[in-house]
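Shown next as structure tokens: one chain only, the form predicted on its own.
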């Protein structure tokens, strides 16, 4: 059963926006919504949360129309916007207590647990908080009423690696509890660890909906092989028709299984191997035929 549905959604900002977008998130699913900045992810999410009215098409959460019935939806929805609007003169704790009262949350045990998880002392003024601290306040506000469904727009923005890891742990726990989560991101690693399926949006249009496994299989991965001498490096490069040779280092691009690479490495005096990180934009360029206009 689909909990979150977008059907033929269009909002045109003069060539930018979203166009004929259709996707759905099933009950209990953590679903990744991928795309570079400016691809249309936030525009789609603002329709789902009832802040924008579709020019064409529709959005629904639990069968309720997101524009016409947004107050009903918000009661059981957790939402973390990409850019959070705070009352800056409040402390973080005042803001969270305000949200708790707005949502009629009597038991604040979960709020305190989230603050502890993310090591946040929320007693300081929000206007004096760092980006990461403000993000932790936003995460706590989105999760503390224990919503059945969550829509999260770039949720780890501003968090350091340790807090990103703790956030991922939180998502995995919520998934086990049967929560339905739509999570937008431009960080492939984050989505890879939490989601089974992903949608990729490109220039406001749905490029694909696929499983993480299929997306990973489509990646062309790069390996930097360091040989013991330049002669061996040149010979090794010829095995893969590679021209990317720098002294004793050879960069090899492999799609799928690396068995052949390992086999060839066994024939040469290899001193080391590394795998440079790839940005999501690079993965898009590979997945969609090298089109730089993503």
Partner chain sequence: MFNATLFKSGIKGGIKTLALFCAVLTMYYLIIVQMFDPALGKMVQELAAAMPELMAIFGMNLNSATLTGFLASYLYGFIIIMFPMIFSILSVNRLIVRHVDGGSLVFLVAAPIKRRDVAFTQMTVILSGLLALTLYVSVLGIVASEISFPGELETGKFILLNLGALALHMFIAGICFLSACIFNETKYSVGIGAGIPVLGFIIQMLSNSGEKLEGFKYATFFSLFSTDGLIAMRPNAVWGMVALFFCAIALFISAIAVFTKKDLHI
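These figures come from a predicted structure and were not determined experimentally. Residue numbers count along the first chain shown, from 1.
One more form of this protein, predicted together with its partner chain, exists but is not displayed; see below.
Remark: of stretches 263-271, 22-30, 51-59, 229-237, the one touching its partner chain in the predicted bound form is 51-59 (heavy atom within 4.5 Å). With a 4.5 Å cutoff on heavy atoms, residue 101 counts as touching its partner chain in the predicted bound form. Among residues of the shown chain, residue 167 is not one whose heavy atoms approach its partner chain to within 4.5 Å in the predicted bound form.
In the predicted bound form, none of the heavy atoms of residue 178 sits within 4.5 Å of a heavy atom of its partner chain. Among heavy atoms of residue 121, none comes within 4.5 Å of its partner chain in the predicted bound form. Of the residues given (212, 84, 163, 93), 84 alone sits with a heavy atom within 4.5 Å of its partner chain in the predicted bound form. Within 4.5 Å of its partner chain in the predicted bound form, a heavy atom is found for not a single one of 188, 193 and 276. Of all the residues from 57-85, those having a non-hydrogen atom no more than 4.5 Å from its partner chain in the predicted bound form are 67, 70, 71, 74, 75, 79, 81, 84, 85.
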